[in-house]
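Read on for two forms of one protein chain; each stands alone as C-alpha cells, with the labels structure 1 and structure 2.
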Structure 1
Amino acid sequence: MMKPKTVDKIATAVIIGVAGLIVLVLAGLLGFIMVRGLGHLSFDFLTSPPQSIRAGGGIGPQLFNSLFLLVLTMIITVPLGIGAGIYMSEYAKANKFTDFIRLVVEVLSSFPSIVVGLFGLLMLVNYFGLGFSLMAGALALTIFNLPLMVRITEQGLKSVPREQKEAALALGLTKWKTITSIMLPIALPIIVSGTILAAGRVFGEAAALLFTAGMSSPRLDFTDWNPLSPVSPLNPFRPAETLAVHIWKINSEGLAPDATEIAAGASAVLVITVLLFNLVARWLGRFMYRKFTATK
C-alpha cells in the first residue's frame, strides 16, 4: 500500500506528462504543416492554376472557389440561422413541437458531413437540377452549418439581461422591435465571433462538397466578371473544387510529381486561414463587447 502522498505525486507527474505529450503532438502537428507548407508558399503558388501531370501547379482557382463558396454560404446561412435562432430563443413555447425542433437541431448538428453531401447530390444536384455547382455546394454547407448558427444566436440572445428586454417592452416597443434593436445589438459580439468560427469550419469542409460543388473547376477567365458567363469566376452555377477538396484529391489521385508539396502548401494555407478566423473572431468579439458596453 503506497502512501497517498506518493500516489498523488505520481498521478500529478503522469497528468503533467500526458498534457506535455499532447502539447508536443499538437505543436509538432502545426510545426509540421508550417515547415512543410510555408516553404512552398509564394504569390505564384497562390494565384496560378493547378497542373495535372507536370510540376509547378498552383492553387489559385481553388483558393478563390473556397472564398467565394464561403461568402455564398454565409449569405444564405446567416439570415436563416439568426431567424431560426430568434424563434428558438424568443418565440418558441415550451411544448412538444419545440422539443422536436431541438431534437432536429441536435441531430442535424451531428449528421456526418458525407451524408449531408449525399443528400445534396440527390436533392440539389439532381432533383433541383443545380448540377455540380457552387450553389449546390453552398446550400449543402448551409444544411451543415445551420444548427451551429441557430445555437450561436440562441446563446447570444440568452445572454441579454432580462431587464433590457423588459425595459424595451415597457416603453411600448413591439416584441420584434425589441429583439432587433435592443437585444440583437447586445448579443452581437457573441453572434459575430461564433459566426466567424463557423465560417472557419465551412472553409475547411470537404466531404459535403465532393458530390455537390464537385471535384473539378472549369478553366476560369479572371477577366470575365459577368456572373452569367460559364467561364466567369463569379458564376454560382459552375462546378468548383475548393482548397480542402483539392488537398484530398491530390493526395488520393494526384499525378503531378510535386503533389505532396502542393498538398503541404495548400494545408498550410487552410490552417493559416483557420488561425486567422480564430484570431479575428476573438478580437472582434472583444472589440464589439467593449464598444457596446462602453467599459474598459
Structure 2
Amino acid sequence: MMKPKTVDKIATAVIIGVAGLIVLVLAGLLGFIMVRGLGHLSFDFLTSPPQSIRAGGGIGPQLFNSLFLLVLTMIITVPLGIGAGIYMSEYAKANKFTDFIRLVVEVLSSFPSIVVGLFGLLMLVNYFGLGFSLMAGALALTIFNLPLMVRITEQGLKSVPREQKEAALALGLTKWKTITSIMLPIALPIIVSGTILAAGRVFGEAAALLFTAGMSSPRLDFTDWNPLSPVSPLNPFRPAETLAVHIWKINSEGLAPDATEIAAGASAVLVITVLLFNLVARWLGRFMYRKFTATK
C-alpha cells in the first residue's frame, strides 16, 4: 500500500508528463509547418493570383476571400448568437422547451463540418438558389458557429455577479436596461474573446465550404467595388475559393509544378493567422476585463 504522498507525486508526474507531451506534439506540428512554409512567403506570394499549370502562383484572391467570408459570417453570427444567448440566460424559463433548445445547441456544436456543408449544399445552394457563393458559405458557417456564440454569451452573462443585477433592478432599471447597461459590459470581455476564437474557426474551415462557397473563383477586378458586379471582390453572391480550400485543392490536383511549395506557404499563412486570432482574443479579453472591472 503506497503512501498518499507517493501517490500524489506519481499522479503529479504523470499529469506533467502528459501536458509536456501535448506541448511537444503541438510545437513539433507548428515547427514542421513553419519550417516548410516560411521560406516561401513574400509580398508577391500574398498578393498575386494562383497559377494552375506553371510555377510562381500566389494566394492573393484566396486570402481576400477568406477575410471577406470571415466578415460576412461574423456580421450574421454575432447578432444572432448574442441575442439567443441573452434569451437563454435571462428570459427563457427552466422547462422542457429550454432543455430541448440547449440539447439542440449541443448537438449542433458537435456536428461534423462536412455534414453542415452537405446541408448547405442541399438547402442553401440548391433549394434556395444561392448557388456556390460567399453568402451560402457564410450562412453554412453561421450554422456551424452559432452554438458556440450562444454558449459563450450565456456563460458570460451568467458570470455577472447576482448582486450587481439585483442592485440595478432595485434602483428601478428595467430588465432590458439592466442587461444592456450593466450585464453586457461586464460580460463583454468573455463575449469578445469567444467571438475572436469563433472567427479563427471560420478562417480555418474547409469542409463546409467545399459544398457551399465552391472550389473556384472568378477573375477578380480589385478596381471594381460595385458589389453587384460579377467580377467585384465585394460581390457576396460570387463563388469563392478560400485559403483552406485552396490548400486542399492544390494538394489533391497537383497540377502546378510548385504545388508543394504553394501549399506549404499557404499552410504557414493559415496557421499564423489562426494563432494571431487566439493571441488577440487572450490579450483583448484581459484588457477589457481590466478596463471594465478597474483591476490592474
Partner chain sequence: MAQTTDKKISANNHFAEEWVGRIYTTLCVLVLVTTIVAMVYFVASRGLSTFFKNDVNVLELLTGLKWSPEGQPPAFGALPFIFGSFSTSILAALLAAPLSFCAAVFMIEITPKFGRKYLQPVIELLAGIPSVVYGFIGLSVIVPFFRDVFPGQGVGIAAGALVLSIMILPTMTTVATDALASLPSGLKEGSYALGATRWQTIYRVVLPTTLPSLLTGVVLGLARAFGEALAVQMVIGNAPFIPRSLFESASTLTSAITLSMGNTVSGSAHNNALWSLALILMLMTFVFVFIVRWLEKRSKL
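Here, rigid core means the biggest group of C-alpha atoms that superpose within 1.5 Å across both forms. This one's a predicted model, so the numbers in the text were calculated from it and none came from an experiment. Residue 1 is the first residue of structure 1, and the numbers go on in sequence order from there.
Here the form predicted in complex with its partner chain appears as structure 1, and structure 2 shows the other form of the same chain. Once both forms are fitted on their rigid core, the CA atom of Arg282 lies less than 2 Å apart between structures 1 and 2. Core superposition places the C-alpha of Val18 5.4 Å apart between structures 1 and 2.
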